[in-house]
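Just one chain follows, in the form predicted on its own, and it is written as structure tokens.
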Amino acid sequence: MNIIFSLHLYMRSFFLFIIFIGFEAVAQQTDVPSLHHNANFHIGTSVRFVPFSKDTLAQKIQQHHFNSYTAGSDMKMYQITPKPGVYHWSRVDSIVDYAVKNNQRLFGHNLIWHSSTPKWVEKKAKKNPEWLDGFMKEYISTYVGRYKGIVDGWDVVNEGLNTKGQGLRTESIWFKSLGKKYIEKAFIYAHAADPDAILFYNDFNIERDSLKLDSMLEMVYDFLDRGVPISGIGFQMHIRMDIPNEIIARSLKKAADTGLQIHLSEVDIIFNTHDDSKGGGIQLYDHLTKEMKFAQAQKYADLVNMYQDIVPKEQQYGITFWGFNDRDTWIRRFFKMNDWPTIYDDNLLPKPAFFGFLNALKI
């Protein structure tokens, strides 16, 4: 990171520190400024539609702050086609209705992901690997075609790279059956079904794992050179407080240099750590202190600042939170640990993290 950018972040940090001093007087307010009304790009959150549809307060907060909707699990393959030849559209149609009614962009997460592949698909692919290509084409054509012009963008392939370091995730049924070509084929099929949709490759840890980032960029530049219709890069941005800003900034700059849309697609910031596996949480902190709250607020502000400063405006697809409150965060469920990664607390009240994010949008 150059000295001018470092100074810029320092000055912003100073002003945000002054703002944080007054947080205790306002942190309990529910009538707070709207995030998306103060942003020059889309602000989104993931939502689990069934519990959300019964929670009027969560809906009120979501409608106030966000103009982009990402389904948590409701649009993944195991929900869409749980049995051979069967498509379940009713929940996605309900999501479409909600997004249209509330004037929100709908983002499609996701089309191809090893973890959301139904068991019946894996079973058939193991018996006949070539069958999987035809299934993928039919599935993407049917799904993307049904919501053509409605879903603005898609995570076409999610987490196709190794968890750590270089290379593709070779243990997935998609790679085992079709080889590395499955990724570009998925983009080709999605583009054919909706030529106007923004098509993303989405992954985690690419903001801090330089080898993984370089593998992704090698793939992206190869696609661009050969005309494979990729149009965006999704940084999940499930980050820890101790990830240096300089590393995140360098990764964003390398991705932005591709000229593609950049989406911070699944943002949250944890204090504890984990080994990237289900149930793999490592509890370092048992209680959330005032100092930790303000440090997290600064980290959220830093992330907004880096996104605005590094990613050219025309490439800013937006920032999406992976859940906006600690009560419903996936971190606790998946990693089996307690943490406080979001901008609203367990009581659906704004945290200092909210104000850090908000005020960074305004500066």
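The structure displayed is predicted, hence computed values, not measured ones. Numbers follow the displayed sequence, beginning with 1.
The same protein also has a form predicted together with a small molecule, omitted here; what follows describes it.
- Mapping the unseen interface onto this chain, residue 60 falls outside it, with no heavy atom inside 4.5 Å of the small molecule in the predicted bound form.
- Not displayed here, the small molecule is approached by residue 330 to within 4.5 Å at the level of heavy atoms in the predicted bound form.
- Taking the partner from the other structure, the small molecule in the predicted bound form has a heavy atom within 4.5 Å of a heavy atom of residue 159.
- In the predicted bound form, the small molecule lies farther than 4.5 Å from every heavy atom of residue 336.
- Contact check for 78, 236 and 322: all three have a heavy atom within 4.5 Å of the small molecule in the predicted bound form.
- Exactly one listed residue, out of 187, 147, 113, 139, brings a non-hydrogen atom to within 4.5 Å of the small molecule in the predicted bound form: 113.
- Think of it this way: in the predicted bound form, the small molecule has a heavy atom of just one of 73, 163, 283, 258 within 4.5 Å, and the residue is 73.
- Contact with the small molecule in the predicted bound form, judged as any non-hydrogen atom within 4.5 angstroms, is confined among 32-40, 52-60, 65-73, 301-309 to 65-73.
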